[in-house]
Structures are given as structure tokens and as C-alpha cells.
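Here's a solo chain for you in C-alpha cells, the form predicted alone.
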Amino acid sequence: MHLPKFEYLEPGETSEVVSILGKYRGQCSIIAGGTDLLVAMKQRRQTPKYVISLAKVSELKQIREEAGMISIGPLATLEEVVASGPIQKKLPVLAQAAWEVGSPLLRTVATIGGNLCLDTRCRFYNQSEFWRGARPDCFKAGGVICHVTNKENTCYSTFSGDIAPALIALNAQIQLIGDGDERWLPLARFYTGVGRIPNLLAAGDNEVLTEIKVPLPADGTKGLYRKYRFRESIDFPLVGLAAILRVDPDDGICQEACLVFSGVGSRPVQAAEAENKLIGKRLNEDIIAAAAETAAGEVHPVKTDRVNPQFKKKIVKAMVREAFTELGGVKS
């Protein structure tokens, strides 16, 4: 497969990026590492007239600790995130999630911002133009019907990024800049839950993601990222889970718990009811099992990939039990 024709633009500052997006509104795609965009262009899922590279926007590449926060530029590669001393020491769940993405070769190119902006995926949509031509376009590709559900004017494609669950569990915020305006918002609000337009940048506004800020977790906070997939590398998660736990060292009572999933909906899914099953309690097998059962009831996957939705619910249940048994030091 070859790339469609496009004009390649390489601005040197964020303001230039915003200006180009405004000038050619609806005709542009931004490229960082390119590991997702170039595949989409070869499959003709995206055919931008202009491709805007961020390679020369140096201020978007930093990783630094400041004022109780770790600031990460969206152009930091996933390998740089994995290798960062401050992230390894203070945000290990993020380092673990970044390490789980793709393969070593992909991580040296793919960026953290690109992973946050991944398009949603579906077994009918993420195919070559020739393959998709065997049936009418699905709703996400410009048609009227979802081939997964046979419902019109809807899209159930699945968000399958690894980084977003970890950052949402860590209460990360992001900065978006566009048209002389800038705004900060919790990363969770970046995702729309709409398969066809999965995030705020996909809506077509001339904004660009410029910074990610993560508050340093409270002392005693533990976290991990688990990923279920068919192959040990390269694959997107069938289910991904970022789990955070903080237990009072004196009485063993759970003070904080967070579960955020990938691969089970059109956005990252936080299992708030399951979290409430843990907070305020001293963890044991029964409490963790109840939280796992509740979490499985909070996700509503559809068959956008190769596994049955009920199987994904079983994976969710097993992941939650494993994660909090490990984080809580509960003996089985």
C-alpha cells in the first residue's frame, strides 16, 4: 500500500501549527511519530491534503518535574517516557503502560501525545480500502450503518490506547492551544465516548495538544498496568487496566482506589462503583471479588474485535482481582 498525495508542512512553533490548522481547517492531519497516522493514510481511512509535522516544535518534547507535578511534552517518545528517571520513580504505572505499547522499535518513534490521540478501532473499519469496498461504508467511514450492530447513524468503535488509562488514573490534565486561546482540562474530558469522533481534536477544531501535567501521587500510592492481548508485543489491548491503590499504613484501610479500562468502550472507562467497593475498607479476598464483579458490570463492550463481549467481561473481572490482590498484598 502506498501513501496518498499530500503536502508536508514543518512549522517550528506551536503558534504556526495553530495558524496552519486554522488556514486549512478540515484538510489537515498532525503527525508526531506517525505510527498510527501513516497506516491510516495507506488504508485511506485518512486522506489529508496537508500533513503538519511537529518534529521541529522543540518545546513539545520535554519531560520535567516542577512544583509537585511532572510535565510531559506530547512529542516525548514512549521510550523516553519509559526511561525517564522521574517517571520511573514517581509515576511507575505510566512507565509500565508506555513499556506495554507496541514493540521496542515502535516505542522509539511513537509519542505519548500520539498515543493519547489514537483513533478508535473496529474490525470493519481498520482494514484496507480494498477490503472495506466489499460492503457499503460503515458509519465511521462516512456511511450510515454500523456493521457491528447493524444500527444506523451510530459507531461503536473501541478506544484501545494504553497510556490514557494510566494518566486518567493519575488525575492528569492536558493543555490544548488554538486560535490565541489555551485551556487546561482533565484528560478524561478529552474523550467524547463517540466512536466516530473519539476526542476533542478529532472534532476538527484548530487546536493542538501541547502539554500533559501529572500531579505527584500521595505517599504510599501504588499502581500497575495490566494488558490482555493475543501476542506479547505489537498488539493493541483487548482489555487494558490501570489500577491505583493507597492504603493507610496504620489501620490498613483503603484510602484511594482507581480503575480505568481500555478496550471496552469508545473511550477509557473508569469503574467508579467498583472503586467505591474498596474505599474505606480493609481489603480481603471477598471485598476484592465484589469489586471485580461490580467492575465487570460497569463495562459494556461490543464485538469490535476478535473476542466476545462476555469474554471481555471475564477478563475485566480477573484483571481487577489480580491487580488489587497484588497491590493490597492480600494473600489468597
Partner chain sequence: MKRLINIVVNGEPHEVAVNPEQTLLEILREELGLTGTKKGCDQGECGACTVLVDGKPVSSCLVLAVSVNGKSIATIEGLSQNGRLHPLQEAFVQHGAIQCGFCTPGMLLAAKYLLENRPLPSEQEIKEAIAGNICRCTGYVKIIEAITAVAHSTAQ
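Residue numbers count along the first chain shown, from 1. Nothing here was measured: the structure is a model prediction, and the numbers come from that model.
Missing here is the form predicted in complex with its partner chain; even so, the following discussion is about that form.
Student: Based on heavy atom distances of at most 4.5 Å to its partner chain in the predicted complex, which listed stretch, 67 to 75, 156 to 164, 215 to 223, 100 to 108, is the contact stretch?
Tutor: In short, 100 to 108.
Student: Does its partner chain come within 4.5 Å of any heavy atom of Lys42 in the predicted complex?
Tutor: Answer yes; at least one heavy atom of Lys42 falls within 4.5 Å of its partner chain in the predicted complex.
Student: Can you work out whether Ile145 and its partner chain are in contact in the predicted complex, taking contact to mean some heavy atom pair no more than 4.5 Å apart?
Tutor: Answer no; every heavy atom of Ile145 is more than 4.5 Å from its partner chain in the predicted complex.
Student: Flag Leu60 as yes or no: does it have a non-hydrogen atom within 4.5 angstroms of any non-hydrogen atom of its partner chain in the predicted complex?
Tutor: Although its partner chain is absent here, Leu60 would stay clear of it in the predicted complex, with no heavy atoms inside 4.5 Å.
Student: With the cut-off set at 4.5 Å between non-hydrogen atoms, does Lys331 touch its partner chain in the predicted complex?
Tutor: Flag for Lys331 set to no.
Student: Which of these residues, Gln270, Thr35, Thr294, Ser266, gets a heavy atom within 4.5 Å of its partner chain in the predicted complex?
Tutor: For this set of options, the contacting one is Thr35.
Student: Check for me: heavy atom within 4.5 Å of its partner chain in the predicted complex, for each of Asp205, His300 and Lys303, yes or no.
Tutor: Checking in the predicted complex: none of Asp205, His300 and Lys303 is within 4.5 Å of its partner chain.
Student: For the stretch 180 to 218, which residues lie within 4.5 Å of its partner chain in the predicted complex by non-hydrogen atom distance?
Tutor: Not one residue comes within 4.5 Å of the partner.
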